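Here you get one chain, nothing else, as structure tokens; it is the form predicted alone.
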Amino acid sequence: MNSGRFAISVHILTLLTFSEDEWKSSEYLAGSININPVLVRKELGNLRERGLVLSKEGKSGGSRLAKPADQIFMSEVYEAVKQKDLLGKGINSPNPACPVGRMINDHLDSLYDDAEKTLLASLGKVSLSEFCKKFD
């Protein structure tokens, strides 16, 4: 998850929250985030697939929230952008004859699963609306 997609998506959703029902262009969103509009459009597509934003094409097109900000939770955003494992995986195959090597990946998987459940529970307590109040 260290790609920055979560931060980009939260930034997009925060901007759309402050814009309420206005359609905002990817260029506008990209200008605030200071990234290429192509990257914004990629994330908007992902957020649209997850039912978090609506988009329309054309001169008066753009994106806006698909539902009220108080009904969008940070855990949904995390789930939308999550890539593989939160803490990563070992890149080697441990020695199966070693008492640690033969069980390390199972124990790490359990540890990682518990950490991700804790993260999701924490993020699930924060709505986009609550997050946006930090900007007042």
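All residue numbers are counted from 1 along the displayed sequence. Remember, predicted model here, so these are calculated numbers, not experimental data.
Not on display, but discussed next: the form predicted together with the DNA.
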For a quick test of understanding: in the model of the complex, does each of Arg5, Ser25 and Lys59 have a heavy atom within 4.5 Å of the DNA? yes
Contacting member of Lys82, Lys67, Arg102, Lys42, with respect to the DNA in the model of the complex [4.5 Å, heavy atom]: Lys42
Note which of Ser32, Asn36, Ser75, Gln71 lies within 4.5 Å of the DNA in the model of the complex, where distance is taken over heavy atoms; exactly one does. Asn36
Just checking whether Arg50 would be counted as a contact of the DNA in the model of the complex - the rule being heavy atoms within 4.5 angstroms. no
